[in-house]
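The chain below stands alone and is given in structure tokens; this is the form predicted on its own.
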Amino acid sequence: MSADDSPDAYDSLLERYKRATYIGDAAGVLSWDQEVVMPEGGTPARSKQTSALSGARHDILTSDEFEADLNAAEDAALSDEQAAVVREIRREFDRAAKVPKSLVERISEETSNALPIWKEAKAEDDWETFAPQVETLLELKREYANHIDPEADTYEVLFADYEPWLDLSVAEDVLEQLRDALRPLIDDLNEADADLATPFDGTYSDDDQFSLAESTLEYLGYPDDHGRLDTAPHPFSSGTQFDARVTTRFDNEDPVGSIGSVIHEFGHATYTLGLPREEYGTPLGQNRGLTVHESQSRLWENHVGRSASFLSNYVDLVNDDLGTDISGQELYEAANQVYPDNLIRVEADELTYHMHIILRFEIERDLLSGELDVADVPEVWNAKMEEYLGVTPDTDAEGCLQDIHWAHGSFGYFPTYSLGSVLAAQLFDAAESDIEGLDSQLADGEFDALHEWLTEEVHQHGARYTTNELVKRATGEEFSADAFIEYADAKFSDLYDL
């Protein structure tokens, strides 16, 4: 069979897959609505709606007609791009076909139900309120993983939902490298006799910080006709290449945290918006997994947003919107201080951030394996915080209830944060080599060249290449943590005068 002789199978497969994608994206809008603007009482209806959409999408992806088109398309003479599309669809079909529709719907419904329970538990500082929902979701996720591969490690199966083309062993190696390299560096920084600036000593209203968030997005080039800014209990970004929305939250005594979160979510959104519009609905119009997605947010947050060059000019926006009078150097020092006693992952500095990820990774693995009881999570969480960061949360809200991921049933997600961080360093190294005067451009508030480089090397390819193939094309090297470790050592040794 050739593509010319039988174009119908590939075209039919693509149309069916697009329909499944559109349904999934509609569910994403409902999820955004639930986290941002839906009234609290809307959950019973919303959980049924998202469950129905999950079931409808699953029906398409597992139908006999879909499988027949997929089998026929695989036998056709395909272009390289078509072969990549079929590869991605085959992987998704093989996993989806093994999972009963009833389980897919149940997971969707339970995660929708879990969100307001998590919010309540966090507000009341009460893990016991949320624990039954965690038990339920763990049970459902174990069942889900068992359907896909009963012989494999449960965590490994779930991790592949978020990073399909890097083995879990890669994540484990990266986390081990980061732990071994960063813990002694953090210790050295704690002992250093550095007196870094702490220029924010007042209170800053939500309105002023929202104004700064809007100014920041405009400064970076976020298109308001293809996105919007809102607040949410846990910052996130979601959407498509036509509509990529961002959220943030505010601490009235620490505007640096919101600045970082806005730039972070902008990085996610600019990747989403950079995906090819003509491929919307196909794998070529979808992101390459959460490692690459996180690399974009961490690149903009850390390698751009926390750089001295960027902050030297950006500080004027901060002073205008917050009524402060600080220098670029003071803002640079404030944005890059290392705080091992920080309890909150999304407010963590570049180095201790990875200790937060390691903690969550270890707890998730033990929960899924049954080695850790849900009731014991607060105790174990606090013990690991003391071990890795030397600080113990006073409340569950500051500890095991701070992240939204378990309410989403997203077990296996956390390692992609560290994978994305190391990839961000690798990509930024390559961008600096390819873009003459990049540092000066960032200082002048000129981001077009970096946008274009990232679009050319990452965004425009969608899911055409596997993760490591994409990394090699962009950087000329295999995926590695080396660039991040070298970057971290150089940056913080200089900042703290080691």
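All of these numbers come straight from a predicted model, not from anything done at the bench. Numbering starts at 1 and follows the sequence shown.
The form predicted together with another copy of the chain exists for this protein as well; it is not shown, and the discussion that follows is about that form.
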| item | value |
| --- | --- |
| Partner-facing stretch of 372-380, 197-205, 241-249, 401-409, counted where any non-hydrogen atom is within 4.5 angstroms of another copy of the chain in the predicted bound form | 241-249 |
| Candidate spot R19, D33 and Q49, all three touching another copy of the chain in the predicted bound form (heavy atom, 4.5 Å) | yes |
| D25 within 4.5 Å of another copy of the chain in the predicted bound form, heavy atoms | yes |
| Exercise: I435 in contact with another copy of the chain in the predicted bound form, heavy atom 4.5 Å | no |
| M38 within 4.5 Å of another copy of the chain in the predicted bound form, heavy atoms | yes |
| Another copy of the chain contact in the predicted bound form: E301, any heavy atom under 4.5 Å | no |
| Option touching another copy of the chain, based on a heavy atom within 4.5 Å in the predicted bound form, out of Y219, Y280, Y339, F210 | Y280 |
| Contact residue in the predicted bound form, chosen from D225, E128, E253, D325 - any heavy atom within 4.5 Å of another copy of the chain | D225 |
